[in-house]
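Presented as structure tokens, the chain that follows is alone, the form predicted alone.
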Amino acid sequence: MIEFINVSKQFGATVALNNLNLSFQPGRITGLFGPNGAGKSTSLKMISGLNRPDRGEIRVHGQAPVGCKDSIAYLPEIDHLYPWMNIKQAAGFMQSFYADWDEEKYRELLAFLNLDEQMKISKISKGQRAKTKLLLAAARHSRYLLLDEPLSGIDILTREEIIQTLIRDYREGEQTVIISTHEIDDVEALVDEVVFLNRGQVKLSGNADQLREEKGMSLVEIMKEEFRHAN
């Protein structure tokens, strides 16, 4: 389980998280939704140990994030790939850092995503870069997979490939997946749980199916309704 306990984080005058209390259920896929500036990316960076709270505590499987880095695969929104590498070199770079790298899984995903190891990062399309980022994160046998805007700015066919990869690769009950995205329509059928953040606090959270049944709306409609009232 991942827990945020009274977590606050501020960057200058900007409050990213405001006394946030939140838990992510293990072995489930959770959608982390909210407008820009809601605190989604900051939350994922804190789980991965890249940022630390100003106040409060984060626990990952009962430990501080810094002690769990080997069990966390994090795909950031920004393009973090070295442009001079090809995919094979990028994979080797990742493999040298993480003992849970699964070479067989990497080969399967490479073929499934229609990628070639000799493709140079600087020469491939935005959609291919998005698929490469997912490939390098998903090829690990990680307990936690954190995805920050994995569908942002890419075409509909690439989005479908990425969604199919997540469905194909997800180990139900074993792996905890958190997806932060604005593309709620694309992941609606994928997520088990949802958390709506607003101004660094939880606006609404719960089981996706139960929320849809209770409110008689899709997750997109629920978000629009909740944030229309909030703002």
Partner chain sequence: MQTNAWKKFAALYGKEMRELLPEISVVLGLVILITGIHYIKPGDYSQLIVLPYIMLAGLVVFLPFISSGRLSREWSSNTIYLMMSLPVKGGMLLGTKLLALLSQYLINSIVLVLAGMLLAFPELRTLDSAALNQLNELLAQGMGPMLLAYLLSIAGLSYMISLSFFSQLAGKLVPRFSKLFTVIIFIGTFGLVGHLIDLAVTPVLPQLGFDLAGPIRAAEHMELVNKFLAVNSLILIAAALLLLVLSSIVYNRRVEL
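Note that this is a predicted model, so its numbers are computed, not measured. Numbering follows the first chain given and starts at 1.
Keep in mind that the form predicted in complex with the partner chain is missing from the display, and what follows is about it.
J.: Verify the contact flag for Ala99: yes if a non-hydrogen atom of it lies within 4.5 Å of a non-hydrogen atom of the partner chain in the predicted bound form, no if not.
T.: Ala99: yes, in contact with the partner chain in the predicted bound form.
J.: Does Ile78 make contact with the partner chain in the predicted bound form, using a 4.5 Å heavy atom cut-off?
T.: It does: once the partner chain is placed as it appears in the predicted bound form, Ile78 has a heavy atom within 4.5 Å of it.
J.: Examine Asn51 and determine whether its closest non-hydrogen atom to the partner chain in the predicted bound form is within 4.5 angstroms.
T.: Taking the distances in the predicted bound form, the answer for Asn51 is yes, it comes within 4.5 Å of the partner chain.
J.: Is there any non-hydrogen atom of Phe112 lying within 4.5 Å of the partner chain in the predicted bound form?
T.: Contact check for Phe112: no, nothing within 4.5 Å of the partner chain in the predicted bound form.
J.: So if I measure heavy atom distances to the partner chain in the predicted bound form, which of the stretches 64 to 72, 30 to 38, 183 to 191, 158 to 166 falls within 4.5 Å?
T.: This holds for exactly one stretch, 64 to 72.
J.: The partner chain in the predicted bound form: within 4.5 Å of a heavy atom of each of Gln25, Arg59 and Lys215?
T.: No, because Gln25, Arg59 and Lys215 lack any heavy atom that approaches the partner chain to within 4.5 Å in the predicted bound form.
J.: For a quick check, can you give me the residues of 181 to 210 that have a heavy atom within 4.5 Å of the partner chain in the predicted bound form?
T.: Contacting residues: none.
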